[in-house]
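So this first bit is one chain, no partners, the form predicted alone, shown in structure tokens.
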């Protein structure tokens, strides 16, 4: 998954608790080996290599997640677009490499979720143009968290927190009190801008500090604006709270791309969904229902606090 996985759970039977932990780690590895674009043998990598030549038959799982991705593409007017990978692969954040402008613009022209042709009868995916690629990095970790929670519930485990990078989901309470997750300061990893008590919900954070480099005073990070093929820069971080991690994962990316005004407008239109945004100046903004409800403790810095990265 390219990130740290954390599992905390409670069950009176130690054997069942251990079985739950093992099941989560096995599921995470399965999703990684299936959906990582960096593993040549993965189903997603093979799709990227073949779908421009002919329709690629996928598993039910991958097909379903691509369909879910397209739902969010439609919901957000294309702000969420898994074909961002058509230009995203040209960036190497570890080695501070970016494409020159002409190459970026040429590749960005391929970013359009309408370039994906899905056939439900055969579970096939095809690319309508050569050069199109997809990457599920904006939704797959949330999906993995949801799958993990489902596996724990099947075992009768009703109190748990599962985290994969910036995506978490809770079920039940933590010894009679809500789970609490901190939102880190986008410019200081040792600080948090808020702490949120949670129970039976998911939370996802997307930030410009997760994978990035700076060149000539400009920060290049992994959240690509589909319209430009360049990093979105109106916000520093977006945290979404909602009923499931697949949705909060996709929405945190979407809102980051949409920016402050359009992003909050989207979240305020969705039921059971809240947001905390940090703009490019470091100022915090909240969706309509969040701040008045007293759900946040601002500027909290607990010593041992799960952090939404």
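Positions refer to the first chain, counted from 1. Computed from a prediction, not measured in an experiment: that's the story for all the values here.
We do not show the form predicted together with a small molecule, though everything after this point is about it.
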{"property": "Close approach of residue 226 to the small molecule in the model of the complex, 4.5 Å, heavy atom", "result": "yes"}
{"property": "Touches the small molecule in the model of the complex: residue 257 (any heavy atom, 4.5 Å)", "result": "yes"}
{"property": "Close approach of residue 169 to the small molecule in the model of the complex, 4.5 Å, heavy atom", "result": "no"}
{"property": "Residue 145: touches the small molecule in the model of the complex, heavy atom cutoff 4.5 angstroms", "result": "no"}
{"property": "Of 192, 116, 161, 79, the one that lies within 4.5 Å of the small molecule in the model of the complex (heavy atoms)", "result": "79"}
{"property": "Candidate stretches 97 to 105, 148 to 156, 202 to 210, 120 to 128, one within 4.5 Å of the small molecule in the model of the complex by heavy atom", "result": "202 to 210"}
